[in-house]
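Next up is one chain by itself, shown in structure tokens, the form predicted alone.
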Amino acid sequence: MSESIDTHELDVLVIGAGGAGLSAAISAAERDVSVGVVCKSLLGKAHTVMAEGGIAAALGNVAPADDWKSHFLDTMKGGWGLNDPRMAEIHAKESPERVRTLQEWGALFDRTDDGKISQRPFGGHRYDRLAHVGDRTGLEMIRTLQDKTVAEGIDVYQECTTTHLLLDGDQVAGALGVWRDDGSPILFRSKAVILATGGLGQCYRITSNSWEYTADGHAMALRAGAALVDMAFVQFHPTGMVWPKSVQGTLVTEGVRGEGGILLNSEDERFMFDYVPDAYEGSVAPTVEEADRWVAGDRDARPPPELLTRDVVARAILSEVSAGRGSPHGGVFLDIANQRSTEYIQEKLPAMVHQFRELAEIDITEDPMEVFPTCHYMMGGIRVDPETQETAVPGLYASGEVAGGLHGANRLGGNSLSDLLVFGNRAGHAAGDRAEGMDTFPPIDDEDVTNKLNSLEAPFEREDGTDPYALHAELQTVMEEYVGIMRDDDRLTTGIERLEDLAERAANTATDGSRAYNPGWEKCFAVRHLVEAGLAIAHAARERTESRGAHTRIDYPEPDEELERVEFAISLVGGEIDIAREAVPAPREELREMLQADTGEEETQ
């Protein structure tokens, strides 16, 4: 059967062409192996471009005192201690090198007066740490990696949707999918597969994620035998566009606040001073005068509360709106127009100026923006080995947003882009090493391929199946109402019941028409992946009976010390979700001493 399908043999197959996927592909190609990249859309169309503010890396160009230890400590503090400490260490140590390599490949960073890569402040970072290209850093990163991928002669399979992983026993053997342009199947035989499929924002109605982000990697890995960790922690970026509705959820970079923007409610109150959390040891709200001095460049002053971590700011905005102090369209105001000159805003935030002018007919140099939390990033994901990014499935690797471990309970802004570079690089090298050491491709089971092809064709053969569009809309409603920013046991239990019903219906979706560019057919695969991811989020959230980071339980409003170093690993056993309570890896002695020494210091967020 497999011989009659469009079949490609690649030593290393990378699924996903964002920053993590392209970084992995480039690194794998440094070995003597063949490499191919599959992307669901077009090359360059990746969520990486939404990370506008910068790449977190302790270069020390603006703040000479910054080093990997400070970056490690900030990452662990931002993640409320649930981070895998080895991943946080690797990330902090290797980020500067990856940024410099990106520069060598042609990335054009903003510069300091003495010609170094410029770095800006961001929430949760104690130093000016984000290497940036105006407010379009992710776009420049993708451009650079894309050019390097093409220059290295790496095969790219565009508009190709991967639907299933293929196994030989317990090891990966390839992947199956369909060409979007004609609906025909495509089969990849490979010695190693790297998942770099990004997030699952389409679980929620208001999201910065585009249509491609449908939990494909999470679901495929789970079915193949990998485990998911930290799935309770969904990051709602505090500032998504509220109006007009056609662009609701579109990201407003944290760089706006980093450059001096402030948050105001409908009563013109700068409310963030009221939300410095007691849960952060040593937290004391700065005075307005201190915050203004910090924005003006005095780094001995305390930073403004608008630069607290994203979980804190998101909950504060939700609280203001819930209390009736929201903006006309249900958000709050983000004002930089009255804080900075027009020239400064246009120089530092050109993409934001363009975005609001073109999409919302708003001039942010003249008027405040209306913003509200938008589902932006998934801290949880596939459990991986910190050194190699290999999952529990031999030969299957994961990097970027689809992988868990680095960010713990809450990701710091800017850490996403350095995550892609650091762990994409490591995954590529490890997968390349594995493939280089294998003489033959693992065998493909023809019967398994036939069964999976039949499952792909099934929606066309059902006359009374479920409408995948209606099911997706229902899923988003369930997730927002029962598994959203604020959670409790009753909501989560009801949400799980609703999701289990959706899962049954997702296995019975139907579509019609041609197989060429059929979004209804693609929605049939996507909604099943999203429901499976939604169930993982809901189960993990119900098990975590505390509030920590991006996970807020209104029935358990405080962190629980007994859960401080506990993660809930989700796997499939006999087709049913299994949840295991496990200890987060302990830090090695040097890291433990660093963390202990940092505890109790004045909070620098």
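This structure is a prediction, so every number in the text was calculated from the model and none was measured. Start at 1 and count along the sequence shown; that's the residue number.
As for the form predicted in complex with a small molecule, it is not shown, yet the points below apply to it.
Relative to the small molecule in the model of the complex, residues 47, 209 and 216 are all within 4.5 Å by at least one heavy atom. Stretch 369-377 is the contacting one of 369-377, 333-341, 225-233, 68-76, since its residues have non-hydrogen atoms within 4.5 Å of the small molecule in the model of the complex. Of the residues 38, 570, 26, 58, just one reaches the small molecule in the model of the complex with a heavy atom at 4.5 Å or closer; this is 38. None of 449, 160, 351, 295 but one reaches within 4.5 angstroms of the small molecule in the model of the complex through a heavy atom, and that residue is 160. Put simply, residue 550 is far from the small molecule in the model of the complex: not one heavy atom of it is within 4.5 Å. In the model of the complex, no heavy atom of residue 537 sits within 4.5 Å of the small molecule. Using a 4.5 angstroms limit between non-hydrogen atoms, residue 197 touches the small molecule in the model of the complex.
At least one heavy atom of residue 415 is located within 4.5 Å of the small molecule in the model of the complex.
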